[in-house]
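Below you'll find only one chain, the form predicted alone, shown as structure tokens.
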Amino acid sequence: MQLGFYVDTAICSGCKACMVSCKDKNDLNVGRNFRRVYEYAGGSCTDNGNGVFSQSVFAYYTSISCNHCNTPACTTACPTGAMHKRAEDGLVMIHDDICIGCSSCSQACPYDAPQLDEARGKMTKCDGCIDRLNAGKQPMCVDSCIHRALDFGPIDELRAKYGDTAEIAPLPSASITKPNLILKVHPDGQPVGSGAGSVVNPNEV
């Protein structure tokens, strides 16, 4: 079995309830985020010369954590084997006792999932809320989403329910690490690599 996430960018409002609840559960300091909410916006207004303006303005939000990829770049980059992918559920985890905090995994991950705990000198990341999963609950981010824009479970079941799209700007190409992520694309969603917009609110919480 392989577990994964579903994100509905068509209804996500960017409220960051998922992000804040994750920080609270994991007692994360400012600047360390296991889940991040990206606002991607762009477009322009054009004067048609007749007193009327046309516009192509768009904006949408994408909530992203570790995608527990099929070919995770972080595990390949880890020099000690601390970063590993579990056989039983496909979750990418960290052996804390052998992690040396070198940040090689963070530098390799195209989704910025691994985060350095500077106080302990160890890498940290989303573990799918393994303690909650073991108790028969959903990850904290999923349960805290006020719009129900997030879902989590066996990736085959999620794909049967939601499809298999895994790309939207500003995320990287899914071909890099084959993320266990499914996206419902916003009506104004831009393709990966699009220069039509930019990330306008870096996460500073």
Partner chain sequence: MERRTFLKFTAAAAAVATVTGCDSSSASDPLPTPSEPVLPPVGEGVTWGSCATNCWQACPLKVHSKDGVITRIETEGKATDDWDSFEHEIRPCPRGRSMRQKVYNHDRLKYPMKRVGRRGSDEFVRISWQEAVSSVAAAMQKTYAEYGKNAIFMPLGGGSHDLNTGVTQSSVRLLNMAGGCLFFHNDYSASQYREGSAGMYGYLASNDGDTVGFWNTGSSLRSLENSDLMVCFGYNPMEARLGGAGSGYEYLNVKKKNNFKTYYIDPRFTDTAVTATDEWVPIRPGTDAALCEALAHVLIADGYADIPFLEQYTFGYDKYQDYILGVTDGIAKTPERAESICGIPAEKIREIAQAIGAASAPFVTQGFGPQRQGNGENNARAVMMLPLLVGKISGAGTNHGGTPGNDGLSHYAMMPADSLKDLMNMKIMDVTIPAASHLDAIEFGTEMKPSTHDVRYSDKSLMDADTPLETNVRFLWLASSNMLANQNGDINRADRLLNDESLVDFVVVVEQHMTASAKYADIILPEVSWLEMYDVIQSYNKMDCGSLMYAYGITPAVDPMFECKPAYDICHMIANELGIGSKFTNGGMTYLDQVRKVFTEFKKSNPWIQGDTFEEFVSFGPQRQPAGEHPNVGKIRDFVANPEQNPLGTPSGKVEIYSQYFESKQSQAEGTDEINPLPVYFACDESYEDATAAEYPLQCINYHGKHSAHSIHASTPWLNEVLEHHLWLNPIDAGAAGLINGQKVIVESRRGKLEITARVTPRIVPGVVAMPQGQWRRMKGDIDVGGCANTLTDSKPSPVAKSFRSNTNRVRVYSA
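Positions refer to the first chain, counted from 1. Rigid core (definition): largest C-alpha set, two forms, superposition within 1.5 Å. In this text, all values refer to a predicted model and were calculated from it rather than measured experimentally.
Beyond the structure shown, there is the form predicted together with its partner chain, which is absent from this document and is the topic of what follows.
Distance criterion of 4.5 Å from any heavy atom to its partner chain in the predicted complex singles out V142 from the list L158, V142, A166, A169. In the predicted complex, F53 approaches its partner chain with a heavy atom inside 4.5 Å.
Although the partner is absent here, Q190 lies well away from its partner chain in the predicted complex, with no heavy atom inside 4.5 Å.
At the 4.5 Å threshold, heavy atoms of V200 reach its partner chain in the predicted complex. Contact between G153 and its partner chain in the predicted complex is not found at the 4.5 Å heavy atom cutoff. Stretch 35-43 is the answer when you ask which of 35-43, 158-166, 65-73, 171-179 has residues with heavy atoms within 4.5 Å of its partner chain in the predicted complex. Residues are counted as partner-facing when one of their heavy atoms sits within 4.5 Å of its partner chain in the predicted complex; in 145-181 these are C145, I146, H147, R148, in sequence order. After superposition on the rigid core, the Cα of V52 moves by 2 Å or more between this form and the one not shown.
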